[in-house]
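Shown next as structure tokens: one chain only, the form predicted on its own.
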């Protein structure tokens, strides 16, 4: 039967069908990672986002405006990753287009979806074409332009999904990184699966939605044994609060949610916040939940509160006393913070004088709040911050701009190798902080950091034919070698980088490299680069079987 009117019940069914379809294909979306190592999670992030909307509890039958608003708010709470955040903004824009409506005819549906595109573009400071933004805009523009007297919801979504697939295929033409990697945009692909699931609901195709509200599974008990006496907190706390704004604390009429959210982003990550009348909902990941609570209480009082240690399976904590016991800090002129992962690398950095180490790196980038939290543990006039990853430098700079208890000086190290080289030569005994910073930056120059990792998919990069399951050797974004054997990939990488022309080669064996493999790589390097000093260390880092620092 032709459907020409969209109501709340049908829209809710469409969102659930979209979530179910994405769930079935989420690993395919995860695998569309630009760089062929296993750190892609776009499919998971988008599924968790839409599922938070699809499973948002309902009080019963509702109109289109109410249903779409409820699910959009649920997605705001559950938004994860860049693609998840953009997805939540798409549905927020659609909900705004349906505001107050019991139902909508096809032209109104098309307008609401156009509004979703505008909202998503507006949420991104520098929109990049060739991403989920482009795929959705192209689709709603094409489908909206074909709405006519003979159209219905089925024909609209047929046009919408068809153009999404065409636009998705065009994304490599708009982004060089996609074209070279031989993949389409992962966020756009996730959106296609969602839209096709929504079309299935319109067409009456049966589906199974096993979301949060329909699994029928009991919550897992707290497993406190997963967090021991010497366990290092790595992932922080998932903190959620519901606040009632108070007239005695803030001017409710002029309360600025964007300014409020910007301040939260400075002390945490994965921030979601929205205001509904005088109620504000906040979701944030942070290493210092007490700081979040103190900040929020400046504006109102808590209605509900939940804090979960993300290293436990499940932990709901009621806060009765926020007092923290802190160790006595010894004042020093200069302190040092470094970002690193792997027990061996961390121990090496500590031996080089690093005061606080933030767990992180590739695929796990700490936030500005994480860096500020580490700085809080150091009593110093100046604190040097080593990001050791290009994706962390901006967060470090933002932390430096926000922190006022000491002068944070960011040493813009892009790799662990640059960080190690600088720290190993660092001299903090001088009186001139400007010279110390300049020297620290200069020590990091000219350092090559090669890496060996398992390829997550087959592709071709830089003229190298990459086979899924092989090991690739790369430096920066350039792949130099591919081999079924990680040791062969490592030695070929060293040859391509001209390792023999350097004085020292430090090799960090990863968590997945055996002692025999580490010894083999060391022997190969000594045989091939006899004029260089070759040092092998157990780095213990995840993801990379070997990190090869050439200086």
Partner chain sequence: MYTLFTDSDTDLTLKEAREIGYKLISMPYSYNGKTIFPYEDYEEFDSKTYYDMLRAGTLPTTSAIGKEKYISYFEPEFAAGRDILYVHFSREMSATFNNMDEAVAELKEKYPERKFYGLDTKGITAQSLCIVYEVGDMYKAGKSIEEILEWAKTEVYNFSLYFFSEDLKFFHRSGRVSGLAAAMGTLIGVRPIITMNAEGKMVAIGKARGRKKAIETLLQYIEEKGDHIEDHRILIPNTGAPELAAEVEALVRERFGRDLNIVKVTTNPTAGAHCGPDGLGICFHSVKRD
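Numbering follows the first chain given and starts at 1. Bear in mind that the values here come from a model prediction, so they are computed numbers and not experimental data.
From this point on, the text means the form predicted in complex with its partner chain, which you will not see here.
Listed residue (424, 155, 115, 103) with a non-hydrogen atom within 4.5 angstroms of its partner chain in the predicted complex: The option sitting close enough to the partner is 424.
Position in contact with its partner chain when the complex is considered in the predicted complex, options 265, 343, 359, 308, heavy atoms within 4.5 Å: Selected option: 265.
Partner proximity in the predicted complex: residue 479 to its partner chain, non-hydrogen atom cutoff 4.5 Å: Close contact is absent here: in the predicted complex, residue 479 is far from its partner chain, nothing within 4.5 Å, heavy atoms only.
Touches its partner chain in the predicted complex: residue 28 (any heavy atom, 4.5 Å): No, residue 28 sits far enough from its partner chain in the predicted complex that none of its heavy atoms falls within 4.5 Å.
Non-hydrogen atom contact residue 290 with its partner chain in the predicted complex at 4.5 angstroms: Result no; residue 290 lies far from its partner chain in the predicted complex.
Residue 420 within 4.5 Å of its partner chain in the predicted complex, heavy atoms: Contact check for residue 420: yes, within 4.5 Å of its partner chain in the predicted complex.
Contact stretch among 185-193, 457-465, 347-355, 402-410 - heavy atom within 4.5 Å of its partner chain in the predicted complex: Checking each option against the 4.5 Å cut-off leaves 347-355.
Contact set, 518-546 vs its partner chain in the predicted complex - heavy atom within 4.5 angstroms: If the 4.5 Å heavy-atom criterion is applied to its partner chain in the predicted complex, 518-546 yields 531, 533, 535, 537.
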